[in-house]
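Given next, in structure tokens, is a single chain: the form predicted on its own.
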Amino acid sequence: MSVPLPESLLVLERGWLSANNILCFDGDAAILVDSGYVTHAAQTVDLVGHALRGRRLKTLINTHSHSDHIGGNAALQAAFGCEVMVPAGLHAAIADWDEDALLLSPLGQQAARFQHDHLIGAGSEIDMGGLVWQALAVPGHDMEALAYYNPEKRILISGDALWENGFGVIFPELLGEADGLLSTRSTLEMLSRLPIDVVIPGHGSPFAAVDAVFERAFRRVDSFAANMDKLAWHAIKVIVSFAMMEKRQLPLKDFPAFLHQLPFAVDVNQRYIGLPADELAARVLRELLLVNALRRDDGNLLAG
């Protein structure tokens, strides 16, 4: 069931590997939130250009700096001459193009380097689509992430801080960089206190049944807090699935080597699970085949 949104907002719902793109129209200009993955950049430019219908793309703003949210920034800048605004905490990582801090190298992912023009910090306000949005700090999945909330229409643009069935992988916890689990719970508690009628997530359709969504999200973060191996295993499968979606297919015999070229998967296994290399590859393969994230085809392995 579709959720009604103001006419000034248009959600371009994307499939993996790209995050959703949210267009906010104001007269003959528009602002875009998030830009998808780099290998989809040409498609993103086409989709946005069609949706603009002659309007000017004034600004591109990001919720956070993961590859599936910033991958089209450079292409959109080149195509439309838009300015780019990023969360303030990401200034150094983007300016220096620190591929470790941006989780590109560890996750085996790509992004095209871009220059940002402006920063936005938590507590700031921004006009998008004729509405005033509050920038909210939503650490957990990404410690510098922002969500954007409009109290008038009670709409939340949540990025990966809240999905209909959970939230993005809690990378900082698994990398030993921050207390991502505590931060995720605090973020959920803060968001759950807001009057929200509609959430526009980074992935999936906009949704309205927020009470049930928050209940699921709290159960999920509590289950991870009670069992770190569960969080670690979930994260490994997510990253391998993403990498396979980008690769699309490879010979079945090459899967173990492919997996072990993903530094994050190897590191998290060593930190939390401790499976030998061959057992790790066999277990990941078996479980991804069971949920149809991967499938076999004549000696090859295909992304589901």
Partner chain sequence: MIASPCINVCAMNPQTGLCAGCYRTIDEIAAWARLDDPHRLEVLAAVARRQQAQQPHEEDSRNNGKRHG
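Residue numbers count along the first chain shown, from 1. Keep in mind that what you see is a predicted model, and the values were worked out from it rather than measured.
Not on display, but discussed next: the form predicted in complex with the partner chain.
Heavy atoms within 4.5 Å of the partner chain in the predicted complex are found in one stretch of 231 to 239, 28 to 36, 43 to 51, 267 to 275, which is 43 to 51.
Looking at R286, you'd find every heavy atom of it more than 4.5 angstroms from the partner chain in the predicted complex. For the chain shown alone, R248 is a contact residue for the partner chain in the predicted complex, at least one non-hydrogen atom being within 4.5 angstroms. With a 4.5 Å cutoff on heavy atoms, R296 does not count as touching the partner chain in the predicted complex; it lies far away. Although the partner is absent here, L9 is a contact residue: one of its heavy atoms lies within 4.5 angstroms of the partner chain in the predicted complex. In the predicted complex, R295, L302, G304 are the residues of 288 to 304 with at least one heavy atom within 4.5 Å of the partner chain, listed from first to last.
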